[in-house]
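One chain follows as structure tokens, the form predicted alone.
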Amino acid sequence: MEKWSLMTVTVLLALTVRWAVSLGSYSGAGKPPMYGDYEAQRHWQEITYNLPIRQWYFNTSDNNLLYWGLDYPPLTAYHSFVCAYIAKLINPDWVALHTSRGYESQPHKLFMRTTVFVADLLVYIPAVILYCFSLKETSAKKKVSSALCILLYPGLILIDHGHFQYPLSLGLALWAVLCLCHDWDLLGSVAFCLALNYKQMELYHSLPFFCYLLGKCFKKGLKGKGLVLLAKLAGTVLLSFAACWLPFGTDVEQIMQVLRRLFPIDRGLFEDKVANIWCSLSVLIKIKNVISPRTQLKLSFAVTFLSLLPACIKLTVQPSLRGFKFALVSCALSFFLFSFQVHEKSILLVSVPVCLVINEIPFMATWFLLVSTFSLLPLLLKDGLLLPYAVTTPAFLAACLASFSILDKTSAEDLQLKAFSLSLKGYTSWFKAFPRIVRSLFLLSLSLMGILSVLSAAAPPPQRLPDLFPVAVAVLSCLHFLLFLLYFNVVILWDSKNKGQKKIS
């Protein structure tokens, strides 16, 4: 009973923080003619409610694709239609065709914020709570602590309830993970298909899902139960996609147009000052000017594929839930660092899987989550969200320090590097100093992020280098992420015990 009381308090605190952040500014507030992501979501409601489905993704006189044209899969469009239907009942002006463009008012902001709040409350937060309760070999206190830290992760709160974005794809992906943790593989497949059909960026997580389930089929034997499971999974995926795409399935041109909107090659290698390898390298080499767009696409695909290959092979050969969760982190981070057309917000696709292992590696998870929030700083400053950033980030760090005593969890064993350290027999003396070195690096990292945050917010950049601070944030974050990618791959490849996993029968 006490466990549920503590969890209720945790959820109420998380909801309070979300609503407090939502009172602030949002993407593109008062910035015509394009505004921002808030207007994009409102515009999609306008389009889906007023136009027939066959026109949703096509450029017409009523649907100018250059003005926030719909570029997400069908489930996003259906969700926009549902929100628009409710908006029409409250105030038809909010979704009136053409005349509602750039509509801004306090009642409308309240409505839009509420739609995100409800989506969080119905989809994402329940998945977090149930996931934390399902953790094995974990005390009730640690389960509540895990839920508290996950729900107070500032990156997701600031983007969803500040910048403006719906948490549905990440929530559905989390439900998929939860189902797989309970061996409900078919339900997990449905949930992940829904996530992928809400946002195509869920491709970041697709390979770990595929490799884990395929490896599970191999373990069961492809001449018996494994073949049956494989057939069921294939059928489930096909039916799930068919249901999502049914309104578009009658016309091949419709399907092709949707796909063209989902994967626009002409947008370039990266957007704005994103903390990935291509943006960071562009400080030294202007990749976009040196390499053709087609070659950029091929290069990014090759590097991404090679970087995630080791984790995927290990997961397929030795499928385990522990390996699956770490592979979600590693593969998503590879996509973020090396893939084509990456946005700053895509780091959340890495952060949520990191949240899933915060009880196992609290120190490294907390460090990563702080860096991921810091990497969003230029976007948050553009949206006028400095105050929420300055409050929620230290609060999250304080919650992690209080819940997990993270500064005391820096030994090789605590960081899941015991097997790796044993393989380096000649360097055992170095590993004795490892906890002190890691703590020093963590404090140095916090100091650098703090200094850059203050400079970005308060100091004017040099006239010759107007993007100095955003670029510095991106490069510093990228260096962190490269080291984190190395760390997570080491944990995956040297993990042979698969602690706490049930034998796959």
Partner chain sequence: MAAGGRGWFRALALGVSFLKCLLIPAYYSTDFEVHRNWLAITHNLPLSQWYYEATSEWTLDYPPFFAWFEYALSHIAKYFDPQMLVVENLNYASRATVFFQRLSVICTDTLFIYAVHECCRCINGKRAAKDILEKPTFILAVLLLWNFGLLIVDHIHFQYNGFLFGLMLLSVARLCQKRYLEGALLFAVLLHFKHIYMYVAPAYGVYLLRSYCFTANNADGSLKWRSFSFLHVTLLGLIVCLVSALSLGPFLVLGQLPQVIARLFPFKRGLCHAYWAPNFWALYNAMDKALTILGLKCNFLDGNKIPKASMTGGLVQEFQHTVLPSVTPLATLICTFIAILPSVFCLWFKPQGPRGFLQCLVLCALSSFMFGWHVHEKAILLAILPLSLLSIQRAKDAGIYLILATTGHFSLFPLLFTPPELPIKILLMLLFTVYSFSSLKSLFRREKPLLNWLETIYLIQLVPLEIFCEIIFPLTPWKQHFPFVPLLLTSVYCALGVTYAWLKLYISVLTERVSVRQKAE
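Positions refer to the first chain, counted from 1. Computed from a prediction, not measured in an experiment: that's the story for all the values here.
There is another form of the same protein, the form predicted in complex with the partner chain; it is not shown, and what comes next is about it.
Exactly one residue in Phe117, Tyr78, Phe210, Tyr103 has a non-hydrogen atom within 4.5 Å of the partner chain in the predicted complex; which is it? Residue within 4.5 Å of the partner: Phe117.
If the cut-off is 4.5 angstroms on heavy atoms, which of these, Ser134, Thr99, Thr295, Ser405, is the one near the partner chain in the predicted complex? Residue within 4.5 Å of the partner: Ser405.
Determine which one of 383 to 391, 89 to 97, 236 to 244, 258 to 266 lies within 4.5 Å of the partner chain in the predicted complex, judging by heavy atom distances; exactly one does. Of the stretches listed, the one contacting the partner is 383 to 391.
Answer with yes or no whether Val357 is in contact with the partner chain in the predicted complex, where contact means some heavy atom within 4.5 Å. No, no contact at 4.5 Å.
Though only this chain appears here, would Lys141 touch the partner chain in the predicted complex if you measure heavy atom gaps against 4.5 Å? Yes, Lys141 sits close enough to the partner chain in the predicted complex that at least one of its heavy atoms falls within 4.5 Å.
How about Leu482: is it within 4.5 Å of the partner chain in the predicted complex, going by heavy atoms? No.
Is Val17 part of the interface with the partner chain in the predicted complex - any heavy atom within 4.5 Å? It does: once the partner chain is placed as it appears in the predicted complex, Val17 has a heavy atom within 4.5 Å of it.
Taking the partner chain in the predicted complex, which residues of 200 to 219 have any heavy atom within 4.5 Å of it? Contacts from 200 to 219: none.
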